[in-house]
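Given next, in structure tokens, is a single chain: the form predicted alone.
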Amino acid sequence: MNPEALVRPELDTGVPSGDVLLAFAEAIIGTDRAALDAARTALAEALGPAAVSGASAVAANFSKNDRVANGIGIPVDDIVFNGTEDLREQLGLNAYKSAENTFRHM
């Protein structure tokens, strides 16, 4: 997998139908219902109908876990924080507003 493709959509993800999955991920957090419907259809056509349910469940679970962790202030373990320094830099994750929560505990 190419993690940089997560922030640079012109790159290949290295995952089968990764472009379709990324389009779905973008649509699921947006407000455009037509774009979401189109993304669901494209995902079902590319990977089968079960992929829509699976991708939706993954997105919902991630959002839930992230919100809970941010809400109660769970700090990132040192081993994870230090082991992801290059990846966070590559993807620009340190610039996200929610990164303040992580840095406050480190």
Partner chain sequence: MPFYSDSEIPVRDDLAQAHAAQFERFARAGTWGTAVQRLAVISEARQAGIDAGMLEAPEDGGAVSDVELPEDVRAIIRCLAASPRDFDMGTYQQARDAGLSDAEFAELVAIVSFIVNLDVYARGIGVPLRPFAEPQPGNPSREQPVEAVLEQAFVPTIPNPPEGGAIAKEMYGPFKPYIMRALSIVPDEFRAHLELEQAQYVLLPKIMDFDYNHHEGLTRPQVEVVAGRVSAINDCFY
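As the structure is a prediction and not an experimental result, all values here were calculated from the model. Numbering follows the first chain given and starts at 1. Superpose the two forms; the largest set of C-alphas matching within 1.5 Å is the rigid core.
The form predicted together with the partner chain exists for this protein as well; it is not shown, and the discussion that follows is about that form.
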Inset, instruction - Please check if Ala55 has a heavy atom lying within 4.5 Å of any heavy atom of the partner chain in the predicted complex. - result: yes
Legend entry - Close approach of Leu11 to the partner chain in the predicted complex, 4.5 Å, heavy atom: no
Inset, instruction - Please run the contact check for Leu47 against the partner chain in the predicted complex: heavy atoms, 4.5 angstroms, yes or no? - result: yes
Legend entry - the partner chain contact in the predicted complex: Pro16, any heavy atom under 4.5 Å: yes
Inset, instruction - Can you tell me which bits of 63-84 touch the partner chain in the predicted complex, meaning any heavy atom within 4.5 Å? - result: Ser63, Lys64, Asn65, Asp66, Arg67, Val68, Ala69, Asn70, Gly71, Ile72, Gly73, Ile74, Pro75, Val76, Asp77, Phe81
Inset, instruction - Compare the position of the CA of Ser17 between the shown form and the other one after a rigid core fit and state whether the shift reaches 2 Å. - result: no
